[in-house]
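What follows is a single chain, given as structure tokens, in the form predicted on its own.
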Amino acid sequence: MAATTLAPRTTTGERWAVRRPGGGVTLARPGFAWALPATLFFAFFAIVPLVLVVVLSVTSWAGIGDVEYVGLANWRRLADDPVMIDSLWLSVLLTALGVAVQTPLSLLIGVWAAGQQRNRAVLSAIFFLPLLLSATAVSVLWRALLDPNFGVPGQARWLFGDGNLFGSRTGAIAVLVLVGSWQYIPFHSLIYQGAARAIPAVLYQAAEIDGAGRWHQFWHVTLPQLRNAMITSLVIMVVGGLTTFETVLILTQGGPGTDTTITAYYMYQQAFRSFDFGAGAAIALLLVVVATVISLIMVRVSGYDKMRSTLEGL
């Protein structure tokens, strides 16, 4: 009896063409074994740590010694902690400011980089250089540049006053938004660049025939076609903004006072400075829940979960 063989893939979906002995071809999905390595990796490095965080959030542990079960005591204490409440609002504020600054700039730069302008490739490569640096390296670089004594503000006091941008809440927040935008705008521009290049040229040709100028083409053709890319970018911005940590640790250390103590940094303080790992785990779990809920709301409201290809004919 002839064995069943796998024919070359004949569709663009997830199914494989299976050639039967009689000559017929049927479609069959790949087995679970194909997804097993990724499933195990995700379970070991994501699910298991998350479960441990949930367990740790209802305990009291100083990092050594016995773990004591305390129930919801950590949660009740955090609910009455003014620093914790303020850190949540500050995280939301920094995230909102980051979205407001990064979205329009990355959109415009990404659309421009998708064109055929002269020297576009060279300028784009230079602009994307911050993507090669880690958040820690970027923070150290900007900390030196904005040093109140030896940095740019200290040498231009006619513009920056006393030169200490880290000495006030407004200045420190502005620095965090600036540094975050400088590093991550190239990444989001790359998303928009790829999406803009995928827009069918015939749409612009039709708009031009109808008398639409460049601005009208951007508003009525480009932006609608970038809708799915924009939702993707926004979700990444929101999750990244709520969980940012290295920038605050190196640039402001939560100061002045607690004026830039965002939730992720407060988690670090509770766990690794106060050695209250139970409270730190509770804060971490709260961050996961908040980021997940906001992401799901954005996906549902935007209709991203029902996303379909915007390419002509698909």
Partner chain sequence: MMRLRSRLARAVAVGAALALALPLAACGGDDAGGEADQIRILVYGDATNKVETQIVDTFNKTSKVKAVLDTIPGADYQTKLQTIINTNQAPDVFFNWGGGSIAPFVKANLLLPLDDMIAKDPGLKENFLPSVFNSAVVDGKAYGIPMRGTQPVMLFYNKKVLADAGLTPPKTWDELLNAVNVLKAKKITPIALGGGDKWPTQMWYQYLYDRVAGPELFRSALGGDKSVWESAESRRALELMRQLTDAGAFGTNFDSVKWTDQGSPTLLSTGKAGFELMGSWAYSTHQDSKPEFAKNDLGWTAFPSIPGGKGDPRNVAGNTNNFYSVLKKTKHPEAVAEFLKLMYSDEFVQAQLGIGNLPTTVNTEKFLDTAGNPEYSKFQFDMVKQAPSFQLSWDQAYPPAATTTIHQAVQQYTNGRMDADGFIKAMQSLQAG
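By rigid core we mean the largest C-alpha set that fits within 1.5 Å across both forms. Positions refer to the first chain, counted from 1. Nothing here was measured: the structure is a model prediction, and the numbers come from that model.
The same protein has a further form, the form predicted in complex with its partner chain, not shown here; the description that follows concerns it.
The partner is not drawn, yet in the model of the complex one stretch among 125-133, 159-167, 187-195, 206-214 has residues with heavy atoms inside 4.5 Å of its partner chain: 159-167. When contacts are defined as a non-hydrogen atom within 4.5 Å, none of P37, Y69 and L223 contacts its partner chain in the model of the complex. The shortest heavy atom separation between W219 and its partner chain in the model of the complex exceeds 4.5 Å.
Using a 4.5 angstroms limit between non-hydrogen atoms, N119 is distant from its partner chain in the model of the complex.
The closest heavy atom approach of W89 to its partner chain in the model of the complex falls outside 4.5 Å. Among heavy atoms of D259, some come within 4.5 Å of its partner chain in the model of the complex. Shown without its partner, the chain has D147, P148, N149, F150, D162, G163, N164 in segment 145-164 as residues with a non-hydrogen atom within 4.5 angstroms of its partner chain in the model of the complex. Annotation for W34: C-alpha shift of 2 angstroms or more between this form and the one not shown, rigid core superposed.
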